[in-house]
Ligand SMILES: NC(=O)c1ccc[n+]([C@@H]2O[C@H](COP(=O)([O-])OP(=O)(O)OC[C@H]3O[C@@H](n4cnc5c(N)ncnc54)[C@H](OP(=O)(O)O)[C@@H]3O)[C@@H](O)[C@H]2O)c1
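In C-alpha cells, the next block holds one chain alone, the form predicted on its own.
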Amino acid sequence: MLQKVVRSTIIDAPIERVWAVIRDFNSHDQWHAVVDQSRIEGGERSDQVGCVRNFTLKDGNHIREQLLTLDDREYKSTYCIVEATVPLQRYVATVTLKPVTDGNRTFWHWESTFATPPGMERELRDMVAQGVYEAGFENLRHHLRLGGDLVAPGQRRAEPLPTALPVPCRRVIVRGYGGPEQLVAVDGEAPAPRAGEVRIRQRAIGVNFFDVYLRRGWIPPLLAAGGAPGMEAAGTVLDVGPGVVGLLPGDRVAYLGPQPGAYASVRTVPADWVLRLPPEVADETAAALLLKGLTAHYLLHDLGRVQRGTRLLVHAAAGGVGLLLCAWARRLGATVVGTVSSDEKARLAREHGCEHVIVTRDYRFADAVQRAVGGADVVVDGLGDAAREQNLAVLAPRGHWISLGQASGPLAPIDPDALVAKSLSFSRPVVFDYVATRAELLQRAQALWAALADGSIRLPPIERHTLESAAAAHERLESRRTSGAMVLLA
C-alpha cells in the first residue's frame, strides 16, 4: 500500500526568489541541513529534465534521485528516487510554488507517494514529513535570511559577514536649533541590526513639516542637537537581525516610526516599523505618501468619520496631506472646502477633488466657507494659532476641529467654554498612535495602496532634493512656495 505525505507552508519571500533555489536540482546541499554532499551525474545541467543527483545524507545514507519534470511557468517540479539506502520504494515527489499576493510571499506545497517495508510505515512517513519536508521549509527560510542566492556549481557559499560590522552612511543632522542653515551633512555609520531590527539602504526620504518643528527645537525630548530629523523613508533591506521574520535582504521596503533619524543614506530601525512595498509602488512614491497617506486615512475614517454629506474644511489643501484628504474625502461623498495661499495652488487643489477653494494668505476664511457650504462639520487644521478664531467661527454645531500642525506658531490652550457654545469637539492626534501595532500599520498601508490603485487618491506632485540639500528643501517648505509632497534622494 502506498503512503502519501503532504506538507505546505508560506515562505516570506517572492516566488521568483524561492523558485530560483528550488529549480536547481543540485542546490539542496546548500540549504537543507540533512544533506551532506551532492553532485549531478554525467556533467549534465542541474535544471535538465532527466538529470540524476547523487548525494549523501549527514547520517551516512546515500540516495540517487532523477528530475522528471520542471515547469517554470507553473513553478512546479517532479522527481523520483532511483536508488537509495533508505527503504523508500517507488518514491515520487512533487514541489509546487504559488504566489501569495498579500505581502509578496510564496506558498510552497510538497507532496510524495511511496511504499515501505511492512512495519516501517509510520517511521518512514514521519521521517519524510518531519525530517525532509518540515525541516526543509525551515532550512530554506534560514538560507534566504542569509541572502538566498545560490553559488556556481562546484563552489560553496561564502560565510555571511559578521553582524557586528557597521556600514558607512551619510547623515543630515541638526547642529543646533534654528533655521534651515542648521542642517548639515556629515559622515556616519549605521550599526548592524540587533535582534528585531532591520538595516536599510535608503533611496528616498519623506520630508514633512514635522521635521521643521524638530529642527526649530520645538520638541527637544524627541530630537536633541546633533540628531537627524526625518520620520519615514523607503529603500532596500541590507540585512536583518535575529528573530526578524517576513523581511529578507533585497526586499523593497518603506517605514515610518516615532523616533526621528531618517535623513540618512543607511539606517537601522525596528522591524515592526517596516513593511514590504508592492511592485507597482516606487521608492519615491512610498516616501512621499506613507506618513501622509496613513495620516489621511485615520483622519477620514477614525477621527472625522467622513461620509456622504460631510462638510470637510482642509487647510493647506494643496499640501501633501491636503491633496490626499481632498481626493479621498470626495470619493467618500463629502463636500470638500480647502484653503490655499495662491491661485496656482487653488488649481491643483481642484484637480484633486476640492470643490470650493478659498485663496487667502491672512488666515481669514470663515465667511467664505459659510457662504459656500454653511459651515464645516470637520476642520483639519495644520495652520496653528493664527487660524484659531476663524476655525471656531466656521465650525457647525457638533463640529470637530482636528489640530494637525502649527505652521503659523504653537496653538495656545483651548478654553473649554469656546467649545461648549456649539457643542464642538477638539483633538490633537499623532499618526504613530494609529499605527501602534504592526497589524494596524499593515492594514492602513494596504488601504493606502488600494486607494492609489483604484483612483480614490492621486499621486501628488513630488518635489525632489538630494540628501545633502536638505537645508534648501526646508527653506522651500517654510516659504509656502511648495505644493504636494517632498522627498530627499539618498
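All values derive from a computational prediction rather than experimental measurement. Residues carry their position along the shown sequence, with the first being 1.
Keep in mind that the form predicted in complex with this ligand is missing from the display, and what follows is about it.
Which of Tyr298, Phe114, Phe137, Phe107 has a heavy atom within 4.5 Å of this ligand in the model of the complex? Selected residue: Tyr298.
Answer with one of Val269, Met231, Ala254, Leu404: the residue that has a non-hydrogen atom within 4.5 Å of this ligand in the model of the complex. Looking at Val269, Met231, Ala254, Leu404 one by one, just Leu404 meets the 4.5 Å heavy-atom criterion.
Within 4.5 angstroms, counting heavy atoms, which one of the listed stretches 425-433, 63-71, 455-463, 49-57 is next to this ligand in the model of the complex? Flagged stretch: 425-433.
Is it the case that Asp24, even though its partner is missing from this view, gets within 4.5 Å of this ligand in the model of the complex, heavy atoms only? So Asp24 does not count as contacting this ligand.
Using the partner position in the model of the complex, report whether Thr482 sits within 4.5 Å of this ligand, counting heavy atoms only. Heavy-atom contact with this ligand at 4.5 Å: present for Thr482.
Evaluate Gln130 for contact with this ligand in the model of the complex, applying a 4.5 angstroms cut-off between non-hydrogen atoms, and reply yes or no. Taking the distances in the model of the complex, the answer for Gln130 is no, it never comes within 4.5 Å of this ligand.
Partner proximity in the model of the complex: Pro260 to this ligand, non-hydrogen atom cutoff 4.5 Å: Output for Pro260 is no: heavy atoms all beyond 4.5 Å of this ligand.
Heavy atom contacts to this ligand in the model of the complex at 4.5 Å, residues of 207-236 in sequence order: Contacts from 207-236: Asn208, Phe209, Phe210, Tyr213.
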